[in-house]
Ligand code: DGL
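One chain comes next, on its own, written out as structure tokens in the form predicted on its own.
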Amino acid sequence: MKKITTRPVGIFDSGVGGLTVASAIKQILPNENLIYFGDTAHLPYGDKSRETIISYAANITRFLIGQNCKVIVVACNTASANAYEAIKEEAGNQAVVVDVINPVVDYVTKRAEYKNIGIIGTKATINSETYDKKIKALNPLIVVSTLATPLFVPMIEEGFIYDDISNAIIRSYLSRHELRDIDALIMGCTHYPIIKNQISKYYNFKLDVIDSSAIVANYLRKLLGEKNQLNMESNPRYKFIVSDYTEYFQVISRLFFDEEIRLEKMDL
């Protein structure tokens, strides 16, 4: 049995989006061993039922527990919003579960300058009202405006970024009345940091566009430090698994990890 400090951090998402979180963890916690599972066979999660999302998430959690992960990072807002409790129950006392919503909610509710917060995400994330309820519970004075942006994930997964198609879709969503007069925008999907520059550009770089990646990575560092579970050994190992191979996943993974990534395909 490996000592707990060297056990890997498990990370999962429906596709490439969670790589934004994995990359931030790699930068902030450079010694941690990582196992990433991209459930590309079932993406996007955002248009699936809550029951289906729970089923997928529980299955992946069992797999990561079997890989001896000390932490499971749910690098997917849709799974965090709909399956967090089920994932914690599945993990039991075998691994700590970290989602991508609670750290962000804690961050924004402590910032006095945020009075009107906009949130964009998948249909399943927005319809769950998880962000709204959690923000209101901590700071009922904050006005929360939400908008489902379901085309963003398939657009990103198909590689439509930095072009006229993606810019038109981004403008169409961000110009909606739901997002008027906001002073911060939460990107409530881990795919969205891939198009953060385009989103920020729409607002002339004058709006705080909140990326959960670094917030979650810093939260994880604090958590592991408090539990004395930080890996102090060097030469970390990274393992990337997908449920269905996509060429774009290979491209994006190289972009975030600055090295040739070997993908393993595994049908759970």
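All values reported here derive from a predicted model rather than from experimental measurement. When you see a residue number, it is the position in the sequence shown, counting from 1.
One more form of this protein exists, namely the form predicted together with this ligand; it is left out here, but the text below deals with it.
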Legend entry - L43: touches this ligand in the predicted bound form, heavy atom cutoff 4.5 angstroms: yes
Legend entry - Exercise: V153 in contact with this ligand in the predicted bound form, heavy atom 4.5 Å: yes
Inset, instruction - Decide whether T149 counts as a contact residue for this ligand in the predicted bound form under a heavy atom distance cut-off of 4.5 Å. - result: no
Inset, instruction - Using a 4.5 Å heavy atom cut-off, indicate which stretch of 175-183, 159-167, 188-196, 90-98 touches this ligand in the predicted bound form. - result: 188-196
Legend entry - Residues within stretch 6-23 having a non-hydrogen atom within 4.5 Å of this ligand in the predicted bound form: D13, S14
Inset, instruction - Might you say whether the CA atoms of F256 and Y192 end up closer or farther apart in the predicted bound form than in this form? Their distance differs by 3 Å or more. - result: closer
Legend entry - Distance trend in the predicted bound form - C-alpha atoms of F256 and M232, change of 3 Å or more: farther
